[in-house]
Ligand SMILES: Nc1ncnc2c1ncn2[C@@H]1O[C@H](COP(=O)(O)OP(=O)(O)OP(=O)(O)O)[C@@H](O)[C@H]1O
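The chain that follows stands alone, in the form predicted alone, written as structure tokens.
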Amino acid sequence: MANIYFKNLSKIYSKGTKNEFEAVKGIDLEIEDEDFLVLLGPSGCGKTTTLRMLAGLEEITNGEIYIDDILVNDVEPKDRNIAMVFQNYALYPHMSVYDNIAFGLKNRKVDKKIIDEKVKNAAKILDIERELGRKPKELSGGQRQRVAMGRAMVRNPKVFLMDEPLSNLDAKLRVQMRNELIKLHKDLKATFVFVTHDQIEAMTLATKIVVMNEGHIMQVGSPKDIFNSPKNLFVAGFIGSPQMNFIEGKLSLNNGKSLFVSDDMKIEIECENIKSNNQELVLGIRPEHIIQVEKDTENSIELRVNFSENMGSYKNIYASHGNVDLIMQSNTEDILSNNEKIYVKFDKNKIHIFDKQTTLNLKEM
């Protein structure tokens, strides 16, 4: 069992100097037992610093970290019952796979018979039994990652910490390792905390995602919640590929209807939290929620096709309406020519409305 709590956790580098930098800014977070929690965000957002503070590899400036209700701020990394898998694997090149996996146990003077049993069991689970006698330089990237995982597994930690462990693998191997990590998490019933800037990794691996930006937590939720109900413009724009379309405009009240108006574009919207007429808004709509219609009808929008991107089973269509550029997805076999005129509608139930000043999603308040 491993529940983890962050309370007002902060990290300041060069505290008290002119070059002071606050990497993590007073975050509160609960990680439940057996969560596969992913810290997701752009480079420099504070996710790796947060992970390293949990591991005990980075000193905490302010706040508290609890593992199973025990304050661990001053507990040595080796005594926290956690295991960390690094981006560069951190394997000893002169040691065999067997000795790399066994290294931590040997240092603790664990009985040789128990070490042998643990190493072979981990190798079996990770399908690297035939590699136990080889050196890391003889292995592929995926095999090295399995060795690093095996070294963590034999310790039977309460928590696995992973800092972008798949970033050095090619696309095919990343997919394979994602599947293996999901299976491993299910089999081990341990708590995983995983750092990445890759939203696909986050969406496919996580039971819970923490989106971070500039040291703050932007949103915590399941992959489904993060995708369907982003709390602000940052989360909405960071999750989704291609990203959500954003159109700036204002509210116009007309004959009892709420209209989003941007130049000559008028879109009927429903949102209870809009405060006043002419309030500055940002409308968000994902590419897959823009629907092509056959002709100009009520509430349709005329677009001019700029170019199409063939993705195999679907196309990304880049189009514009005046000064507004949009991306939409199409599953049809129809070929659209550059400069062709088309008509589309926005799925009314999938429109997001953000306050331009606060950046908050007014439909999620």
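Since the structure is predicted, the reported quantities are computational estimates derived from the model, not experimental observations. Sequential numbering from 1, following the sequence displayed.
Heads up, the form predicted together with this ligand isn't pictured, but that's what we're talking about next.
This ligand in the model of the complex: contacting segment from 297-305, 328-336, 41-49, 27-35, heavy atom within 4.5 Å: Every other range fails; the passing one is 41-49.
Proximity to this ligand in the model of the complex, single hit among 185, 197, 118, 80 (heavy atom within 4.5 Å): Answer to the contact question: 197.
Close approach of residue 180 to this ligand in the model of the complex, 4.5 Å, heavy atom: Residue 180 lies outside the contact set for this ligand.
Heavy atom of residue 13 within 4.5 Å of this ligand in the model of the complex: Residue 13: contacts this ligand in the model of the complex.
Any non-hydrogen atom of residue 343 within 4.5 angstroms of this ligand in the model of the complex: No.
Contact test in the model of the complex: residue 288 vs this ligand, heavy atoms, 4.5 Å: Residue 288: no contact with this ligand in the model of the complex.
Residues in 10-41 with any heavy atom within 4.5 Å of this ligand in the model of the complex: Those in contact are 13, 21, 23.
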